[in-house]
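What follows is one chain in structure tokens, specifically the form predicted on its own.
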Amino acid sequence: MSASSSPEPVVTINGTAYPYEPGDTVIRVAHRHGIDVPHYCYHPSMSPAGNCRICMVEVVGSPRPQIACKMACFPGLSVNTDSDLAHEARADTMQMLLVNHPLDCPICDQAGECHLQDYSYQLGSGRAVTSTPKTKLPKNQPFGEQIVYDAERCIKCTLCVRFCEEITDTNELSMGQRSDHEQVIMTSAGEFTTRYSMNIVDLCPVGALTSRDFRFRSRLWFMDFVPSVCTGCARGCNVTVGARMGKVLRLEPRENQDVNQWWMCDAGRLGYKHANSATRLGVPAVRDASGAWREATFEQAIQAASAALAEHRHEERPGHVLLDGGATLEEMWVARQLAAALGGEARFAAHVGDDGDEFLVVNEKGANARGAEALGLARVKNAADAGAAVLVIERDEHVPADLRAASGAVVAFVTDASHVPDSVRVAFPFGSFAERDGWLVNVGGRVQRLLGTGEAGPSAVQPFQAVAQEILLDLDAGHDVLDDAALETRLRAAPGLADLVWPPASREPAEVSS
């Protein structure tokens, strides 16, 4: 029989045969087919360590259980992941892991998403197995500026150490001491050299590594989580946005092997602060005859904006719409229609940095710059080209003060009230990335869904495309008003966009997994 006709090798798990690839381990095959095998030290992107021993499985024909993370598959191998022997071995492992672990779940930031807590509930004995005092280790140790280490909670899985060795190749962490005094230590004078250091907080299966930014800010069960994308640069890393009571509290990476794998950079993770600005514009505002601002309803502001734009058009001033490079495709589509009604064009501005690397960060910071170009929007690079009737601004770095001042715009949609230039007569609140729904095109041409949470931002903010189309109706009674579904249909078929990588046509949110 030739090699090409050889049967595909299989491994038997819980009585069912599953194919495997050369180099596969039992845990990898099990997870690939939705079979739960508990683990702490295993991660599919890193070499197996075999430290935690919680992934024990029964090997048929062997009296002793084996760890699934380091057991290579071979023809004829048969294992049981749910047998009495496997459960007994895992329960024994849990006893060892909990011998010195502090009983501080009520004050631990990891509570609610702690694997040790979960498996203790499932496999723990419910009683102490030793009468000797627990070993005391250092608490509240700074690991760089953004991370805090609690050695008492650490179960020595070494995920953080291996991340710095195998993923970033920066080697800031190592294991120090021995036996029950073993702990993670920094080997780089107390600071990280990688811009991806906060990924170790996500990797930590217990509460040993916590984010200084999120530490003690909220319990998980009080927060709202939505699957979205990071808009810090045009990579568009898939993230989970967590918010509560009008504030964004954290971003965490979501796995997407085509975009960011399991990771995100520290700058993107912490780049949500503008959404919580103390100077957020929460309601529309209209400038009165004296030049002072007064709050207005959306209906009043729309009427005032329509009048101001009609006057602007009559004076034959530039009727362009200048957009933030992070605006969605839907917002850009409607902005293009509004600009046409004003006798101008829709344009965009976005910051371009010089900090791109070969991993995730790219120089283009406009999260939808590629989408803007696909829609035919020109990029504004200097104040001489910034003339516009309408501004749409989320991030100051994309449409900075010199462009805003040079625009001469009379209507502005802004996230922050401090971004309204002196020329503006009507200002509308504009949602941050955490409050808006729509499509973005990342640097690789992949169309991704930006999804807002109702727990972030001012409650009165209305979508730009809805408000802009009301203004359009005042300027052009024949305007064809489109809802989000109709806009998406047109976007998917539009020249320049139709050939991009779109997800399936569904408005259902993706499953949240951080």
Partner chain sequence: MNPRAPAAEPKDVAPRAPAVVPASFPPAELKATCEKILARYPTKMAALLPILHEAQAFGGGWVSPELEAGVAAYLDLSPAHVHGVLTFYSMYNTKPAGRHELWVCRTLSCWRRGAPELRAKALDKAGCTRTGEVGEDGRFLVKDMECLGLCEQAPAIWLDGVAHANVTPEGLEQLMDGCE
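Residue numbers count along the first chain shown, from 1. Source: prediction; values computed, not measured.
Omitted here: the form predicted together with the partner chain. The next part is about that form.
**Q** Only one of Q300, Q117, S218, S188 gets a heavy atom within 4.5 Å of the partner chain in the predicted complex. Which one?
**A** If I apply the 4.5 Å criterion carefully, the residue I get is S188.
**Q** Heavy atom within 4.5 Å of the partner chain in the predicted complex: which of Q141, N171, N80, S306 fits that? Just give me the one.
**A** Residue within 4.5 Å of the partner: N171.
**Q** Tell me which stretch of 347 to 355, 241 to 249, 406 to 414, 173 to 181 has a heavy atom within 4.5 angstroms of the partner chain in the predicted complex.
**A** Among the listed stretches, the partner-contacting one is 173 to 181.
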